[in-house]
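To begin, one chain is listed below as C-alpha cells, in the form predicted on its own.
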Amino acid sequence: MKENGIENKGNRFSMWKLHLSVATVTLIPAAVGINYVAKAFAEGLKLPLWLGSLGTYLASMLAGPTAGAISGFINNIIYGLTLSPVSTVYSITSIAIGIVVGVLFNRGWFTNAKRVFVSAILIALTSAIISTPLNVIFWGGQTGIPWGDALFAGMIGNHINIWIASFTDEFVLDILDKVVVAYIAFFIYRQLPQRMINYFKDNQ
C-alpha cells in the first residue's frame, strides 16, 4: 500500500526482526544522537516539551519497533549518565514509545496528517500511562516541566487524587510533545529518498 508518498511494506517484512545489518548498525547510533541533541536543545531553551523521542520515531519508522525501542533505551541511559540522571528512570517509557510507533507505522497510521495526529495521541497515552507511576514514585507526581507541574499543584491543592493529578500533568505534556515530534518525524520521513527507505526495509 502506498499513500501520499509513504509506502507501508508491513506485509513484506517482519517488523519485529532485528538483523544487525550495516543499515541497522548505522541507524541506531544516528537515532540516539538525534534524540540526545533534540532533548538537550529543548532543555537548554526550557521548552514546554522534551523532543527526546524524535530519533526513536525515525528508527521505528525505518527499521521497525525493535530498532526504535533500542534507540530510545540507549539514549535514556546515555543522557542520564551525561546530562540528566532523571532520564535513566524513563528508559522503559522510551522502549514503549519505540514499540508503539513501529506498530502504528507498520499498520499504516503514518500515511497522512490526520492519522499521524491519532497516532500521536495513542503514543502520548502510552507514555503517560507508563510514566505516571514513575513520576509518583520518584518525583512526588511531578514532571519537571513548570506549566505542567503548575497544573499538578493546582489539582493537588483542590484535593484531587495524586495519581489523577500526576497523570493529567504527564498527559497534557505528552500530547504536546508527541504530536510535535510525530509531525516532525512524518515530515522528515517524507523527504527521505525512496532508495534510502528501501535500503532499510530490504535489510530487515
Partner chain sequence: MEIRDNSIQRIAQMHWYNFVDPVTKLLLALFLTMLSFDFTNLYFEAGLVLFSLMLLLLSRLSSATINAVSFCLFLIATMVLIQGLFYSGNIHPLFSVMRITFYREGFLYALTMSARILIIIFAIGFFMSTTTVSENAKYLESIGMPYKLVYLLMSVCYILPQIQQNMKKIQFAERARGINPQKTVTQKVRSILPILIPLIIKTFDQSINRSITLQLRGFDSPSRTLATPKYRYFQTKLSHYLLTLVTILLIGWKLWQIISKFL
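Keep in mind that this is a model prediction, so the values were computed, not measured. Residue numbers count along the first chain shown, from 1.
Keep in mind that the form predicted together with the partner chain is not shown, yet the notes after this line are about it.
Residue contact with the partner chain in the model of the complex: residue 58 places a heavy atom within 4.5 Å of it. When contacts are judged by a 4.5 Å heavy atom cut-off, residue 80 counts as touching the partner chain in the model of the complex.
For residue 164, no non-hydrogen atom is located within 4.5 Å of the partner chain in the model of the complex, even though that partner is not displayed.
Within 4.5 Å of some heavy atom of the partner chain in the model of the complex lies at least one heavy atom of residue 47. With contact defined as any non-hydrogen atom lying within 4.5 angstroms of the partner chain in the model of the complex, the contacting residues in 175 to 199 are 184, 187, 188, 191, 192, 193, 195, 196, 199, given in sequence order. The distance between the CA atoms of residue 191 and residue 45 is at least 3 Å shorter in the model of the complex than in the form shown here.
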